[in-house]
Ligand SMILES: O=C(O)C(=O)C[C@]1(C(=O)O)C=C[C@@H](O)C=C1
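We begin with a single chain expressed as structure tokens, specifically the form predicted alone.
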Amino acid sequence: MVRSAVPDTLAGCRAAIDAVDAALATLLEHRVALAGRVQRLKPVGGHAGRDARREAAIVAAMAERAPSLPPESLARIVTAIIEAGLDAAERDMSDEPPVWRL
């Protein structure tokens, strides 16, 4: 992703943030669907089946793409996303794909 120009007004910045938040929500919904499938494919799913090495690799890969965020901050974000996805997978054990709202 190429760093885009930052608007120079408060309203413009807020509109840009709203657009990023909408994209993040769509991506999170997609990630939850993928992670839910992973949970059904793993021998031990759910919170008990977490893989610390995989999670550390995710943080490291994100740190390369988001150098302005320290790895500790990214680790907290990734942990929250993973835990929310695991909680969602526990609530929805169907094989139905989610409806993504673009």
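Residue numbers here begin at 1 and follow the sequence given. Not measured: the values here are computed from a predicted model.
This next part talks about the form predicted in complex with the ligand, which is not shown.
Scan 62, 38, 69, 75 and let me know which has any heavy atom within 4.5 Å of the ligand in the predicted complex.
-> Going through each option in turn, the one that passes is 38.
May I ask you to check whether residue 30 falls inside a 4.5 Å heavy atom distance of the ligand in the predicted complex?
-> Because no heavy atom of residue 30 falls inside 4.5 Å of the ligand in the predicted complex, the answer is no.
Answer with yes or no whether residue 86 is in contact with the ligand in the predicted complex, where contact means some heavy atom within 4.5 Å.
-> Although the ligand is absent here, residue 86 would touch it in the predicted complex, with heavy atoms inside 4.5 Å.
Would residue 16 count as a contact of the ligand in the predicted complex, using a 4.5 angstroms cut-off between non-hydrogen atoms?
-> No - in the predicted complex, heavy atoms of residue 16 and the ligand never come within 4.5 Å of each other.
Sequence-ordered list of residues in 31-61 near the ligand in the predicted complex, where near means a heavy atom within 4.5 Å | Contacts from 31-61: 31, 35, 38, 39, 42, 50, 51, 54, 55, 58.
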